[in-house]
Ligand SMILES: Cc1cc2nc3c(=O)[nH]c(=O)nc-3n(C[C@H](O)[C@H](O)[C@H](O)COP(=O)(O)OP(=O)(O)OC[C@H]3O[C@@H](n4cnc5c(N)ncnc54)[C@H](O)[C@@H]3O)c2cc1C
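Shown here is one chain on its own, the form predicted alone, set out as C-alpha cells.
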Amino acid sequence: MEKLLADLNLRYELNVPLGPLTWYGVGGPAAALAHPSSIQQLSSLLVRCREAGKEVYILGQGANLLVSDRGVDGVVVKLDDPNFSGMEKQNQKIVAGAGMDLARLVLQAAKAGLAGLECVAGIPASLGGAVRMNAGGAFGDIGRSVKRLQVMDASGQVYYRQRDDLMFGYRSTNIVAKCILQVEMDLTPDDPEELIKRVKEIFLYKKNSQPLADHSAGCAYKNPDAPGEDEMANLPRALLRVPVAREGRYSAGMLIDRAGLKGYRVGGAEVSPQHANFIVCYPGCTATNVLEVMTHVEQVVLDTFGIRLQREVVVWP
C-alpha cells in the first residue's frame, strides 16, 4: 500500500482504525486513509487504485456507516481538506464542498438569510453524503435545493450533473459517480432570525425523539412502501393493524417496535428503547454485534409482517 501511494504527493496513513471515525464507533482498520488536498490529487489517486485493482471508499462523517470488524483492504478517502469543505454565498445560491459538515452548512445558510436547508437540521452528515442519499425526514429533504453537482468518476474524470439530470427519491438518488466534489444549491431569501429559530426547533424535536446522545448511525432502516389496495387482501393480519405513517410508507421504527424488539440486545448492540429504528452501541460493542442485531430484527419483522426491511446504514465492505 505504501508503494502504491508514496509518489502521489498526498497525505495518507496506513492501517488506520475506522471505528473512531464513525458514529457507531466500532469496526476494523483501513489499509490506508488518504487526505487529498486537490481535485488533481484525488484524480491521480483514483487512477492509481483502479490500475492496481484496489477498492476506494469515500468517508464522510461516518454517520450512517458500519465498518466490519475485519476492516477494509483498500484506500479510504476523506475529503477533509479546506479545498473540499468550504462554502461560498452567491446571491441566492450557495456553493459548498462535498466535505463540508452538514450541520455547519445549515446554520451558515440560516444566518445568511437563505431558506431551504432547515429541513435537514439535526442530521449528522457531510454535504456529499447527505446529497448522495437524499438525506431528509419529516420536514423535507436536501434534494429539492440541489441545482448542480460537480462529481468525479472512478477513472478520475470530473464532470457536472445538472438539476434536470438528477433524480431525488426517498433516501435515494441516481448519482453513480465515485465521488461528489461540490454542490450548488438554490435557496430562498428569508429572515435570518426566523430561520435560526426554525433550525433550533427541528434540532430539538429530533433530540427529544431520537437517541442522538448514544453511539448509533441514525435510522438503521428505510421506511418501507405500504401495499396498494389490490394487495390488502393478502396482507398478514398483524400488518393490517399498523397505520401507514406518511407518503404511503410504514414507519420502520413502528414495525420494529410492534414486533416487540425494542431493547433487543446482542453483546454491546441494542435496539434503542427510545426509538426502535436506531441500533445503539455500548462499551464493548463490536460491528458483529450490530450486524447480529440487524439480522434478527430483519427476520422477525419479515416473519411478523411479511415486510423485508431495507438497510439505510451502509456496511463496509
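Everything numeric in this text was worked out from a predicted model, so none of it was measured. From 1 onward, residues are counted along the sequence shown.
FYI, the form predicted together with the ligand isn't displayed, but the following is about it.
- Looking at 203 to 211, 233 to 241, 158 to 166, 108 to 116, the stretch with residues near the ligand in the predicted bound form, meaning non-hydrogen atoms within 4.5 angstroms, turns out to be 203 to 211.
- In the predicted bound form, no heavy atom of residue 8 sits within 4.5 Å of the ligand.
- Although the partner is absent from this view, residue 1 stays clear of the ligand in the predicted bound form, with no non-hydrogen atom inside 4.5 angstroms.
- Proximity of residue 58 to the ligand in the predicted bound form: non-hydrogen atoms within 4.5 Å are present.
- The closest heavy atom approach of residue 94 to the ligand in the predicted bound form falls outside 4.5 Å.
- Comment: the ligand is not present in this chain, but in the predicted bound form one of 74, 224, 71, 136 has a heavy atom within 4.5 Å of it, namely 136.
- Only one of the listed residues (195, 149, 79, 185) places a non-hydrogen atom within 4.5 angstroms of the ligand in the predicted bound form, and that residue is 79.
- Contact here is defined as any heavy atom lying within 4.5 Å of the ligand in the predicted bound form, and by that definition not a single one of 67, 287 and 311 is a contact residue.
- Taking the ligand as it sits in the predicted bound form, the stretch 261 to 283 comes within 4.5 angstroms of it through a non-hydrogen atom at just one residue, 278.
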